[in-house]
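Shown here is one chain on its own, the form predicted alone, set out as structure tokens.
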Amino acid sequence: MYDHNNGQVVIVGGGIAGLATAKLLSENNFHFAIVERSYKLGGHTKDWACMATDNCNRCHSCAVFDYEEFVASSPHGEIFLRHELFSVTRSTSGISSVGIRCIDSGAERELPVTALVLAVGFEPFDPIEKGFWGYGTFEGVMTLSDLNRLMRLDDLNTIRPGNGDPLNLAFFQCVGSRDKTIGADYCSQYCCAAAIRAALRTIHQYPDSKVTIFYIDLQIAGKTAQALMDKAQEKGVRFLQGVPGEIQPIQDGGLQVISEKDGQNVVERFDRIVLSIGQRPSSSAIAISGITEAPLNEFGFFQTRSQFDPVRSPLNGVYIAGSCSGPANIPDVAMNAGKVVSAIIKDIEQTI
């Protein structure tokens, strides 16, 4: 165990990656400082609704509250909300200090650094960017984030048909992912399981609902994956491979979807279309890369040394945590935090 006076680890970003990293650092008696631009901790995960039905569906969104409670009460940490990184001072072995600035007042201060962890997360893809599927134009088209917000507010009734008919809902997967034309030729990791959990919660609340998931290639891994798929199929969720070609609004307020099956165009009517949007690099990645000189990869996420060393930046003393190095789901982010802290401890041991 290390004495906490050995040095301070500065974590840029207070989402679940930053919180999980801070918790593990505290458990190893390291001082940490979290620098977060927002007025709150937790990032996107804190805004995500619980997807439990009769029992837990292992969405892991509740984990962020446990991390936050631990970190906020840790005697080893400081939290700087509404602050941003603006400078880095280097030493022969890595980073010696960083400058942070209060966004509201402009007040600046310097923090000593033993290690610098970048944990700035991701941005959800905005379908308006290319006018995908009429988002922002057709009233019945929403994103998975929009649907999640209604679930969090317990307001799903607003998307049901006004005539009392069962809700007929469709999910379109890989919106803003697996798309070379927008520089996002990668899988966003979380979308398939998130759509299935949202479908299950919708059916749990309104058992007469009909749900269809249009997918390119289902990417659901882990020991709970098969159970999740089995439950969805048991509840009548329909899985159709292929991306629909067109959406058209129709007079009754619904949406007509044209897809292809066995070489023929198939037309179906849905009440709502949910776009399962992918993860894009954080809006702050370019600025932080410029300040720290930590390089970005071809997609705009932070580059790590290699696939065999996925938490160290090419720069000594700089580590990359969570989805700012590439799309990830919540369990993967938590596991990644453990690797970050292990790498920091190992590197410090080698310098002592």
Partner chain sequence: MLNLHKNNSLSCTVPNQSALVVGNGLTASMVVAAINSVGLDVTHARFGSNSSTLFHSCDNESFITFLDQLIEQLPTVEGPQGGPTEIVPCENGFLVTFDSGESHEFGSVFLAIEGTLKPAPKDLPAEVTTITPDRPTASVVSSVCFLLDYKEITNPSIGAHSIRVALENQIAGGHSFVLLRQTPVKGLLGETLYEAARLAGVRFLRYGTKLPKIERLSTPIESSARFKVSVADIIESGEEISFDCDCVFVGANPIIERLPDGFRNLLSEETDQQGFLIQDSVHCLTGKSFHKGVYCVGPSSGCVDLFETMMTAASAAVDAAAWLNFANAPQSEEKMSVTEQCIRCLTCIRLCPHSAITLNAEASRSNVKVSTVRCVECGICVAECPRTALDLNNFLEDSFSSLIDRLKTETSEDTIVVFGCYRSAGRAISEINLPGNVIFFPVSCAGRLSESILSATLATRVKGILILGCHHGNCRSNNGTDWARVRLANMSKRLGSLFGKVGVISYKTLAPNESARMLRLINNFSSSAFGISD
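Positions refer to the first chain, counted from 1. Just so it is clear, the structure is predicted and the values come from calculations on it, not from any experiment.
There is another form of the same protein, the form predicted together with the partner chain; it is not shown, and what comes next is about it.
Chemist: Quick check on D104: any heavy atom within 4.5 Å of the partner chain in the model of the complex?
Modeler: It does not: once the partner chain is placed as it appears in the model of the complex, D104 has no heavy atom within 4.5 Å of it.
Chemist: Is there any non-hydrogen atom of C56 lying within 4.5 Å of the partner chain in the model of the complex?
Modeler: Output for C56 is yes: heavy atoms within 4.5 Å of the partner chain.
Chemist: Tell me, yes or no, whether F308 is in contact with the partner chain in the model of the complex, where a contact means a heavy atom of each within 4.5 Å.
Modeler: Taking the distances in the model of the complex, the answer for F308 is yes, it comes within 4.5 Å of the partner chain.
Chemist: Consider F86 of the chain shown here, and say whether it contacts the partner chain in the model of the complex, taking contact as heavy atoms within 4.5 Å.
Modeler: Residue-level check for F86: no, no contact with the partner chain.
Chemist: With the partner removed from view, which of 77 to 85, 109 to 117, 277 to 285, 153 to 161 is the stretch that lies within 4.5 Å of the partner chain in the model of the complex, judged by heavy atom distances?
Modeler: That would be 153 to 161.
Chemist: Exactly one of D146, E123, D165, E260 has a non-hydrogen atom within 4.5 Å of the partner chain in the model of the complex; which residue is it?
Modeler: Filtering the options by heavy-atom distance leaves E260.
Chemist: What residues of 48 to 68, in sequence order, lie within 4.5 Å of the partner chain in the model of the complex by heavy atom?
Modeler: Read in sequence order, the residues that approach the partner chain (within 4.5 Å, in the model of the complex) are W48, A49, C50, A52, D54, N55, C56, R58, H60, S61, C62, A63, F65, D66, Y67.
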